[in-house]
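One chain comes next, on its own, written as structure tokens: the form predicted on its own.
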């Protein structure tokens, strides 16, 4: 309907611009996930659905209904509402999923005519011109179309309407164009004699890296995550993984990262096969290089250093902090990858170097309510006498995110004790109304 008419029916209607390109890209990713996790035969079904051929796979998930429930729960976690129809033909499943009344509909093969009869003609995926012509003739349901002679229908509507009907009823085949997941670039070497020494493993790893980087270069790709799989003669497998802060196909750098972990491989009685897989790849375009012709030197590339530190310390220990749009301090920062672009905190709102998570309660606070800073407080068993203070900075709860913060208030103070140490304290509540907080004091951060 027209937007004005919709607003007339729903005053607070949430209106957003359509993004067909983004929707199609997401549907492609979802289809690729389905082809890898649920069934090897998955295809796109219009702008808003997927076809999944469940032949021979439902027993792996506990049956058709159990598999449907699992997929619905997955979609719910992703934030989507979905309907699933399982039928003997792709056309019947398409129609029932869009015009059925239940979240999960299961119909055995051979009953397509009965279950499709009450559905509208639009369920057959025909053009709007055919639907308008059929409506003028009084044909609104699929059951009415099934009962009519085919000759006059063919002369009046052409072959497309009857072809869609026959495909839905299983009287005509329908092409199925499945999504084929691309294999991750890899390189594999087998050995006539098993290898077991670190030197031999390092030599083979170098050969594998040369083969893999050449393959990545031919495809215009670079690696972010590499997996090294070693198959031993006793049937057990060893695996190493490395990751990079930025996509690269620098063989020397990737080899250095693997050599930091090569001692973790237990060859046992020998390794008979090694495979190097680019588990995660990204396109890699031309990169600028330093040159005297440019008249300037480029900034130093921190990616190799970050990769080596992450290999020694762990990737979760190498990160940077960025700002988020939030009034509550503990929600206004986020962890980000070392090379990601982040938002800086506005300079007009000074914040401590470190925040305590969670804030720690302070005891024996002496302060004049409602707006004066504390004169003294005790933290971790030590009494601090306040010499200088600044505040309060009042922060309200985010009621639009959490209903329990509708009246919550915090008053923050920057204080300095007799030794020069600076603290960031806050009082829960405005100092007057108990509904805004219990007036307890907390230490939230440290300056310097």
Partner chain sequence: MLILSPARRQRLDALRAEIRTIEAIGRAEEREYLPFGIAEIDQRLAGNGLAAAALHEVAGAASGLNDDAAATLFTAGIAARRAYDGRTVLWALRRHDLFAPALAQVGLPPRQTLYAECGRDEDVLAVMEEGLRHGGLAAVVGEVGRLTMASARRLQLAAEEGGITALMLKRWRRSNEDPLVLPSAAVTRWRIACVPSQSLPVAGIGRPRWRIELARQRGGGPHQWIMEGSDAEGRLALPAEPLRRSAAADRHEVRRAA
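Everything numeric in this text was worked out from a predicted model, so none of it was measured. Residue numbers count along the first chain shown, from 1.
Beyond what is shown, the protein has a form predicted in complex with its partner chain; the following relates to that form.
Its partner chain in the predicted complex is approached by residue 446, whose closest heavy atom lies within 4.5 angstroms of it. Taking the partner from the other structure, its partner chain in the predicted complex has a heavy atom within 4.5 Å of a heavy atom of residue 388. Heavy atoms of residue 422 reach within 4.5 Å of its partner chain in the predicted complex, making it an interface residue.
Though the partner is left out of this view, residue 414 does reach within 4.5 Å of its partner chain in the predicted complex, counting heavy atoms only. Here is the short version: of 176, 345, 80, 191, the single residue with a heavy atom within 4.5 Å of its partner chain in the predicted complex is 345.
Out of the listed residues 28, 398, 418, 393, 418 is the one that sits within 4.5 Å of its partner chain in the predicted complex by at least one heavy atom.
Using a 4.5 Å cut-off to its partner chain in the predicted complex, each of 312, 319 and 354 places a heavy atom inside that distance. Considering its partner chain in the predicted complex, the lone stretch of 235-243, 194-202, 331-339, 102-110 in range is 331-339 [heavy atom distance within 4.5 Å]. For the partner-free chain shown, nothing in 43-73 comes within 4.5 angstroms of its partner chain in the predicted complex, judged by any non-hydrogen atom.
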